[in-house]
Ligand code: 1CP
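A single chain comes next, written as structure tokens; it is the form predicted on its own.
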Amino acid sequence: MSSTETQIRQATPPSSPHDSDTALFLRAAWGQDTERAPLWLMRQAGRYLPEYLAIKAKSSFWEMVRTPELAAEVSLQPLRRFPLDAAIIFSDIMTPLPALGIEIAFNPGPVVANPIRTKAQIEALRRPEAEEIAPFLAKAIGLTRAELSARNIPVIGFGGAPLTLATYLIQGSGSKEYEDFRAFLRLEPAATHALLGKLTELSIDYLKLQIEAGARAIQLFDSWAGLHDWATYREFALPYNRAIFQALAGLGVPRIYLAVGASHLYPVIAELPCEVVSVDWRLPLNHIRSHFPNRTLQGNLDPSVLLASPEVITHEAHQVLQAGLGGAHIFNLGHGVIRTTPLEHVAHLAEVVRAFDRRS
């Protein structure tokens, strides 16, 4: 058994996660080849829902994130419309960064007021106490969980991987090439490692806070991992992601990792001690399962399929469901719900996934 497989097994809670009263999503996340694939969607809480837009018309994004009652309401909205098997708390990967002393706005994506370009800026970042990072998020998780407990639907917490957070902090905003960030990695590798170390410490505290508040699973989003080659990922991403997952071992929650556009990195990603690997839409699940033996795969419908006809949605969803056979599978999109997705198409997808018997 590899050291990675040993670390995964050590993270399994002492009580069986496969009991029939355990939520379907959690049974699959812990590795059970369930009778049907549990379903949730990245960005299921958000801009394609009219009830979300009604709140957004009165509140800024930061106000929604930082007001527990609003964040809980937004998290619950898709669960009231669709028969989903998990909720994900409404927040953003940038949420913990102001605790370091970083000023962030959304326009509409994240914009860093003073991008990090020097070692002095990194040294000046403060080390917040765990309880001051995002107390509003902990309360939002508690409110969301209380509403869903009777339905046995778990709440997923999440955070951004250190290298992805550093991408925004150094570049300053979204970019096509992220040239400033990629240059900084080469020009200032020691400073980059110092920044990644601080972001790792922050992320561990932030994710533990969510678990203590009631999150039943944690997803680590590495949105920009796909920018990098093997050597760069191995140096600047792998050790920090591994440290986060190791810090969460033994806390009774499955750990999920998503790297977008990163199929070329799967042999390296396979070294991470996590229970679930979320896969984007670029490769079929059955083509990559060999990279992740004894892991749960999550995904991987192309989000644009939900813009097509119900017949196309049915066909494409069945393709994903068939490819997910042969091991544990959580059905999801390969990335987030597109803003213009029709509500009836999401409802149709849920119907198709729930009707698919994985044991027939």
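Note that the structure is a prediction, hence the values are computed from the model and not measured. Note that residue numbering follows the sequence shown and begins at 1.
Another form exists, predicted in complex with this ligand; not displayed. Remarks below refer to it.
Participant: Choose from 187 to 195, 89 to 97, 203 to 211, 266 to 274 the stretch whose residues reach within 4.5 Å of this ligand in the model of the complex, heavy atoms counted.
Facilitator: In short, 89 to 97.
Participant: How about Ala45 - does it come within 4.5 Å of this ligand in the model of the complex, if we only consider non-hydrogen atoms?
Facilitator: Output for Ala45 is yes: heavy atoms within 4.5 Å of this ligand.
Participant: Consider Ser223 of the chain shown here, and say whether it contacts this ligand in the model of the complex, taking contact as heavy atoms within 4.5 Å.
Facilitator: Contact check for Ser223: yes, within 4.5 Å of this ligand in the model of the complex.
Participant: Taking 4.5 angstroms as the cut-off for heavy atoms, does Pro110 touch this ligand in the model of the complex?
Facilitator: Yes, Pro110 sits close enough to this ligand in the model of the complex that at least one of its heavy atoms falls within 4.5 Å.
Participant: Even though this ligand is not shown here, does Arg295 get within 4.5 Å of it in the model of the complex, heavy atoms only?
Facilitator: Close contact is absent here: in the model of the complex, Arg295 is far from this ligand, nothing within 4.5 Å, heavy atoms only.
Participant: Which of Gly252, Gly174, Gly142, Pro239 has a heavy atom within 4.5 Å of this ligand in the model of the complex?
Facilitator: Here the answer is residue option Gly174.
Participant: Please tell me which of Phe106, Trp230, Phe82, Phe136 lies within 4.5 Å of this ligand in the model of the complex, judged by heavy atoms.
Facilitator: Only one listed residue qualifies here, and that residue is Phe106.
Participant: Establish, in the model of the complex, whether Phe181, Tyr257 and Arg282 all lie within 4.5 Å of this ligand, using non-hydrogen atoms for the distance.
Facilitator: Per the other structure, none of Phe181, Tyr257 and Arg282 touch this ligand.
Participant: Taking this ligand in the model of the complex, which residues along 60 to 77 bring a heavy atom to within 4.5 Å of it?
Facilitator: Residue within 4.5 Å: Phe61, and no other.
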